[in-house]
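Before any questions on how it binds or moves, here is one chain, the form predicted on its own, in structure tokens.
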């Protein structure tokens, strides 16, 4: 196969979800950092790859694809030795898809409501209602996990990669109370024990976690 190239930045949860997928599939790839602060995502050469100028973006031997959910499902469908990360069985895949849509709509919007004002508007006061909404996400995920060790059942899937990548930063704002959400707490521990987790997500999220902490935010 041709060489895969992933364009991204470590601080991005969607990028880290793709890194988790690539590592889980044991694929060889190049990783090219796109410096958003230097507006490299707006340069003509990157816009040819992704006209929407977002990361992650994938180049698979001249086939360009953006959006982490699309990228991860594509990677498993094309390169997976089996379909466990994104099942071909329609009912099993529908559950994974539901979790992916929950991530892209509810999880992402809930997190963005907290981080966007903090990161881009320098508003260090976070309304309690937004933290309460985040706890609502915790409750829903804990419900998902009542049916298996992973978000879509008994097997690890790309849905787990998407949510854990976001959660790495969320935990700074609201640690998971294992007495209230035991299944969620156990799931986080389970994902962190994956042999490629630290390289693909844990260590790469360290800088953004320190950045969050440096904001000295308060919940009001």
Partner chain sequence: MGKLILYGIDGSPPVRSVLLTLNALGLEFEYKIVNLMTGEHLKPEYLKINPLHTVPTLGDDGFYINDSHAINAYLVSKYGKDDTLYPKDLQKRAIVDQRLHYDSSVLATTGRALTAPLREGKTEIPKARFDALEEVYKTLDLFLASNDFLAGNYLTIADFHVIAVLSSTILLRDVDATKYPKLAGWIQRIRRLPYYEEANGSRMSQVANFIKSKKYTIV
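Treat the numbers as computed from the prediction; the structure is a model and nothing was measured. Residue numbers count along the first chain shown, from 1.
One more form of this protein should be noted, the form predicted together with the partner chain, which is absent from this view; the next part is about it.
Please run the contact check for residue 65 against the partner chain in the predicted bound form: heavy atoms, 4.5 angstroms, yes or no?
-> Yes, residue 65 is a contact residue.
Contact label in the predicted bound form: residue 93 to the partner chain, heavy atom within 4.5 Å | Yes, residue 93 is a contact residue.
According to a 4.5 angstroms non-hydrogen atom cut-off, is residue 100 in contact with the partner chain in the predicted bound form?
-> Yes, residue 100 lies within 4.5 Å of the partner chain in the predicted bound form.
At the 4.5 Å heavy atom threshold, is residue 119 in contact with the partner chain in the predicted bound form?
-> No.
Only one of 115, 104, 149, 142 comes within 4.5 Å of the partner chain in the predicted bound form by heavy atoms, so just point that one out.
-> Looking at 115, 104, 149, 142 one by one, just 104 meets the 4.5 Å heavy-atom criterion.
Answer with one of 33, 178, 70, 42: the residue that has a non-hydrogen atom within 4.5 Å of the partner chain in the predicted bound form.
-> Checked against the cut-off, the match is 70.
Select from 70-84 the residues with a non-hydrogen atom within 4.5 Å of the partner chain in the predicted bound form and write them out in sequence order.
-> 70, 73, 74, 77, 78, in sequence order.
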